[in-house]
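Take a look at this one chain, the form predicted alone, written out in structure tokens.
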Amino acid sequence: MRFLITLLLALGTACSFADAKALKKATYSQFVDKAGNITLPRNYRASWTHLGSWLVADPKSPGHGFHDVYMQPLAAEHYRKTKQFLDGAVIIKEVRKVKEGAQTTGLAQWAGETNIWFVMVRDTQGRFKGNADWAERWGWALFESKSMTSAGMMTDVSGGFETTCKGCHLPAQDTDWVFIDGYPTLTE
């Protein structure tokens, strides 16, 4: 009996390893090119795990809006089990405009169209040394709706981790630069 349990656990670990390897391969072939340029994944809302939502209510804040955050299902499952981000895990945060109006329940606020997308790509191997968008074991990208082309593509407008991302993410340094408290899907 003990042998059977050990065998089943080993098979489960092997499957997890194979899945992790597939995730890494898919991420670095679909969303990151050989130079480390990150693209915004498409259709993530339909098939990725929604990690959580939060609101930055102050209209004067640079992060003003509704924030919805997504991750590949396998990467989210792995984090829930291990509290570690898999190499190749992608986190997408979309920041949507705040809409409001009178409803039968009173004044309501809701998420409007997306203004900005932030994308983080886990890189435990240090693949892109010297690339300003890759630091602290993550790739960092910023996409703005105003930069969308007629073909629906967008360009990363980030000024690099130090310039664009570090200031906001510094409080999350102890949780691997990710605001885990805002993502109940990962912690519950």
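So that there is no doubt, residue numbering starts at 1 and follows the sequence shown. Please read these numbers as outputs of a predicted model, since none were measured by experiment.
Keep in mind that the form predicted together with a small molecule is not shown, yet the notes after this line are about it.
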item	value
Triple contact flag A76, A89 and R122 to the small molecule in the model of the complex, non-hydrogen atom at 4.5 angstroms	no
Which of 123 to 131, 22 to 30, 39 to 47, 66 to 74 lines the interface with the small molecule in the model of the complex (heavy atom within 4.5 Å)	66 to 74
Interface membership of V56, the small molecule in the model of the complex, 4.5 Å heavy atom rule	yes
A18 within 4.5 Å of the small molecule in the model of the complex, heavy atoms	no
is_contact(K93, the small molecule) in the model of the complex, heavy atom dist at most 4.5 Å	yes
